[in-house]
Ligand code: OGA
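Quick heads-up: it's one chain on its own, the form predicted on its own, in structure tokens.
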């Protein structure tokens, strides 16, 4: 029997009793969809599973967004090429040395953000799995924010003001604001033009969310400085402690979050004594199963 518990006063569900090693059932799919509609973020308490079982589970809910360069990634490497990696290991599985914060692209993930909001593909969910998890006292917890509850608490005047606004999501500008020294070479190696999303997102169940985060750097129709100040004020509102839940990882956990109405932020590791191996499947609302950069290239080529 699958049960769902709420771990935070506002959101964050715990799904217990699901067996992801078995062939997925309609009951599993429906239970997870319902839990996500209610809680926006859920942890599936699950023992270790394979990459293939992780991918099979993710595909129940939509097409995958594939990692950049998917077509050229080895199929016999340390992990399945359909998954994104987060952690402190290199390609050979060894612990990487620390990188100074101003030169660490991943450091931007310590600001609250929605995965792939800088891409044109319509992102739905992320599913992050703990393969190797250091003890919580070593760092590596993940923080989550409920953007629906934050929207609910806005003054009516502010809700009306932001309803028609369009946010600008710019990966490299967001990294600059997070303190990274962005070079032209970095931009050339990973070309990510800005994209636009409404500042207010409406979920399928009708709940609204204020859609800002680390990749949202401005507002269409405002100057760069004015737009940045405006979205930063909203960011300060949505990241207040009452909207935040801290997840302490257990091996085998799969945490699913709604990229349309929840933000997340990494917490840094305090030591390199421990291995951290985290693998993520990203599920889109619709579209082809493709990496976002190839999708953008095809769109540009089509005019």
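Residue numbers count along the first chain shown, from 1. Here the structure is a predicted model, which means the values were calculated and not measured.
The discussion below concerns the form predicted together with this ligand, not included here.
Exercise. Counting only non-hydrogen atoms, which stretch in 136-144, 195-203, 162-170, 222-230 is within 4.5 Å of this ligand in the predicted bound form?
Worked result: Contact-bearing stretch, as computed: 136-144.
Exercise. Using 4.5 Å between non-hydrogen atoms, is residue 257 touching this ligand in the predicted bound form?
Worked result: Although this ligand is absent here, residue 257 would touch it in the predicted bound form, with heavy atoms inside 4.5 Å.
Exercise. Taking 4.5 angstroms as the cut-off for heavy atoms, does residue 264 touch this ligand in the predicted bound form?
Worked result: Yes - in the predicted bound form, heavy atoms of residue 264 and this ligand come within 4.5 Å of each other.
Problem set entry | 4.5 Å heavy atom contact, residue 128 to this ligand in the predicted bound form | Yes - in the predicted bound form, heavy atoms of residue 128 and this ligand come within 4.5 Å of each other.
Problem set entry | this ligand contact at residue 148 in the predicted bound form, heavy atom, 4.5 Å | Taking the distances in the predicted bound form, the answer for residue 148 is no, it never comes within 4.5 Å of this ligand.
Exercise. With this ligand left out of view, which of 154, 79, 86, 178 would have a heavy atom within 4.5 Å of it in the predicted bound form?
Worked result: The residue from 154, 79, 86, 178 that makes the contact is 86.
For this session: Decide if the three candidate residues 15, 246 and 250 all line this ligand in the predicted bound form, where lining means a heavy atom within 4.5 Å.
Result: Spot residues vs this ligand: no contact at all.
Exercise. For the stretch 274-293, which residues lie within 4.5 Å of this ligand in the predicted bound form by non-hydrogen atom distance?
Worked result: 276, 280 sit within 4.5 Å of the partner.
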